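The data below hold one chain only, encoded as structure tokens and taken in the form predicted on its own.
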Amino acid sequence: MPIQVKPAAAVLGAEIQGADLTRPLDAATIGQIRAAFYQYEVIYFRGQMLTDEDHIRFSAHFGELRKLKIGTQPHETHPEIFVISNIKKDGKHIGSYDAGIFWHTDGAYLPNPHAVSALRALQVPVVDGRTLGDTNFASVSAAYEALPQAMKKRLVGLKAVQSILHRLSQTVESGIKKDYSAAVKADPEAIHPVVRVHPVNQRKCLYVTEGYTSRILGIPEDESRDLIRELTAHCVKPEFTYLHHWQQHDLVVWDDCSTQHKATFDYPAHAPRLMHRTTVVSKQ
């Protein structure tokens, strides 16, 4: 049976039905899923009782997986798995507990940034029968298309510094103490075009976020600061966003070139949240 693609009531996002990701998928099904992904930028699967091995196998259909080295968060036995959680063991968080506190795109500070991320919900926070911990996604390809022609012309050729140091400074200001020393030492920042051309579908995408963009090169500092503020506010306007309401055993896959995302953090610390993420390396 062919899969079913059910678009969300938004400019991006679609649910994929009819695919059992616990089993190897044939080439035709993978082709359908990939086509839906590059059309809708965020796709999700409900009720997938995946193992980490299933998760890794499916993610690899989008490209080479990256083994992340931020802090102590990678999975103990599968370095391709990045753990996101507010759960503590022996007084320490078992995963990244502040992931998504700012609008961002994963890996922007790397010379070869992330291309695709796939996040799986093992535990979702529930309070008084309500599931919390939703995630906002924004289409930066739709945001670019909606820019006035004068702004599009202004952005031609501009490049920006994407910096984990910028991310770290914001985290500290928010009162969160976290060890980014490994990432800072390896790849503290990278320079990327303000408007990236998607390597697969050739869409133009705004690549400026509040989480990582510290400076736009070639213009005065005050103009850079104002332009970053203007573009980041534009990218996350409601007409460009999709809010994903998590359910346990969801798998959500998003395009790191054409989207940004931000967690809601609307749940208390005593409500456990546990997510596993895989990451596909970008093709330059």
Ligand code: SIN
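Remember, it's a predicted structure, so these values are computed and weren't measured experimentally. All residue numbers are counted from 1 along the displayed sequence.
The same protein also exists as the form predicted in complex with the named molecule; that form is not shown, yet it is the one meant from here on.
Taking I164, A115, L119, V194 one by one, only a single residue has any non-hydrogen atom within 4.5 Å of the named molecule in the model of the complex, and it is L119. Heavy atoms within 4.5 Å of the named molecule in the model of the complex belong, among the stretches 22-30, 222-230, 43-51, 246-254, to residues of 246-254. Heavy atoms of T135 reach within 4.5 Å of the named molecule in the model of the complex, making it an interface residue. The closest non-hydrogen atom of A142 lies beyond 4.5 Å of the named molecule in the model of the complex. The named molecule is not shown here, but in the model of the complex it comes within 4.5 Å of a heavy atom of I84. Although the partner is absent from this view, A263 contacts the named molecule in the model of the complex, with a non-hydrogen atom inside 4.5 angstroms. Contacts to the named molecule in the model of the complex (heavy atom within 4.5 Å) from stretch 196-222: none.
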